[in-house]
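Let's start with one chain on its own, the form predicted alone, as structure tokens.
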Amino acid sequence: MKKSVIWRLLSLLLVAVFVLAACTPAATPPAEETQPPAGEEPPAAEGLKFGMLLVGPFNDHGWSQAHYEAGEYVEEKLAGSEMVYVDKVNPADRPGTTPAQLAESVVQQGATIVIFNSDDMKDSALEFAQANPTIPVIHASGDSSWVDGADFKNLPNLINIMGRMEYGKMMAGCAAALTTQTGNIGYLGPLINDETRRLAASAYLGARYCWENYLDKDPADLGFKVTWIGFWFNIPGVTSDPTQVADDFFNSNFDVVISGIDTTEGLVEAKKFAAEGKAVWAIPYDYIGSCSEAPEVCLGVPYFNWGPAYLENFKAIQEGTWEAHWEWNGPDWSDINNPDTSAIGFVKGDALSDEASAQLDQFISELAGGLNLWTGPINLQDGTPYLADGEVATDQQVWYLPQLLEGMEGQSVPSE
């Protein structure tokens, strides 16, 4: 073939190629790499900032520290979350300042959820929730969001969370009854209200049950006295001194003191008396680690675990499924000390004997199996029948207990 013909054929072929290329859509560039480089974690989901108002010091070894550490639990479990807090939110430490005003201060720091951690803050929690309808408000204790409660307010941005500490107090009462050598148990109480009456009464019910059923003793021979100091913890010049109250118990043939206050004076005083050679014991309250102050006299501690409930609610807020409700959360009976599932726990103390420990385990198993000590016959302190024989108390009858119970010594209502 001649060269000229060959070149003409090659030229035609090149033209065809160019035409086809011009008609073909440009190739889509490869998608941008969306996976993190090897060895790196994907960025955390956007978290939230929550504010917490603590009635006492954040490190009180009691009620406030239990809440503070629940906040730390949330920070650990919920990516990107952050706690801001104000502690010592009470009239003695912050005179002239209300919890509602302090709630505004944590909002100014970026908090989009506010927790009021004390029953004493009820009025402020309501005031703040009404004034800030777009901010979720959690009030620890209280009944304002309980549809069947006595003080329902129907606020869409307010919930109440409380643990069924009645069970923890029953365990405390049982441990005390199994240990006492004098048959006299003292109860160091805070102020008098619905919550504190039912918890003191629950401790008595637990003590009476174990005294009668495990020790085979007459309930009439069990002494159980409640002395109230007037607030959740000591305010010099305002409350009774809990140190003196504990001392009065130990000096009056009471050898076990169950604490219902936020701080650990009962345990501290038991340690002092034991060092002087007296056989005395104490049961602190609220915080899982409180026995550490005096393990040699501590029979155990009933404690709150607020973390799981806070975490669950914060996740619901993030997901847009959160709504007003009331929670009264009980123990996880499969493991009452599971930090991720149980709202109420009981840690045994070093001073609890092996025999008493085994009997307490049996009592806890009975509770897990359905034993309900809020079953009649139960009379109020003045002898008025409260629950008939075999009658099981409703939540309202337990929550709003109007007096201490028959068999208990102590004041049932605040002084005028």
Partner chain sequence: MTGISILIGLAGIITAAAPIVFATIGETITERAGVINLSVNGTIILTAMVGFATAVTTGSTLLGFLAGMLVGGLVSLIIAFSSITLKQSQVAVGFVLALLCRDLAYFLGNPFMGLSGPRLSNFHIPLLKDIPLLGVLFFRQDVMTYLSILLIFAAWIWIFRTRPGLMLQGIGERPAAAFVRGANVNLMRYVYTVIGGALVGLAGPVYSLSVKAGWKGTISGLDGIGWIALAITIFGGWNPLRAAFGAYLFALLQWAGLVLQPSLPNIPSQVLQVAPFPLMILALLLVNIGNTEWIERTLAGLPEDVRRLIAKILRSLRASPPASLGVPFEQD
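Residue numbers count along the first chain shown, from 1. Source: prediction; values computed, not measured.
Although not depicted, the form predicted in complex with the partner chain is the subject of the following passage.
Practice prompt. Check whether E293 has any heavy atom within 4.5 Å of a heavy atom of the partner chain in the predicted complex, and answer yes or no.
Written response: The answer is yes: E293 has a heavy atom within 4.5 Å of the partner chain.
Worksheet item: Is T227 close enough to touch the partner chain in the predicted complex, meaning at least one heavy atom pair within 4.5 Å?
Response: Yes, T227 sits close enough to the partner chain in the predicted complex that at least one of its heavy atoms falls within 4.5 Å.
Worksheet entry | Partner proximity in the predicted complex: E276 to the partner chain, non-hydrogen atom cutoff 4.5 Å | Yes - in the predicted complex, heavy atoms of E276 and the partner chain come within 4.5 Å of each other.
Worksheet item: Can any non-hydrogen atom of F233 be found within 4.5 angstroms of the partner chain in the predicted complex?
Response: F233: contacts the partner chain in the predicted complex.
Worksheet item: Since exactly one of N337, N213, S240, Q318 fits, which has a heavy atom within 4.5 Å of the partner chain in the predicted complex?
Response: Of N337, N213, S240, Q318, the residue with a heavy atom within 4.5 Å of the partner chain in the predicted complex is S240.
Item to complete: Please pick, from N305, N117, T263, N160, the one residue with any non-hydrogen atom lying within 4.5 angstroms of the partner chain in the predicted complex.
Response: After the contact test, the surviving option is T263.
Worksheet item: in the predicted complex, which of the stretches 310-318, 168-176, 240-248, 339-347 has residues with heavy atoms within 4.5 Å of the partner chain?
Response: Comparing against the partner chain in the predicted complex, the contact stretch is 240-248.
Worksheet item: Would you say all of P57, D93 and K271 touch the partner chain in the predicted complex, counting a heavy atom within 4.5 Å as a touch?
Response: Contact check passed for all of P57, D93 and K271.
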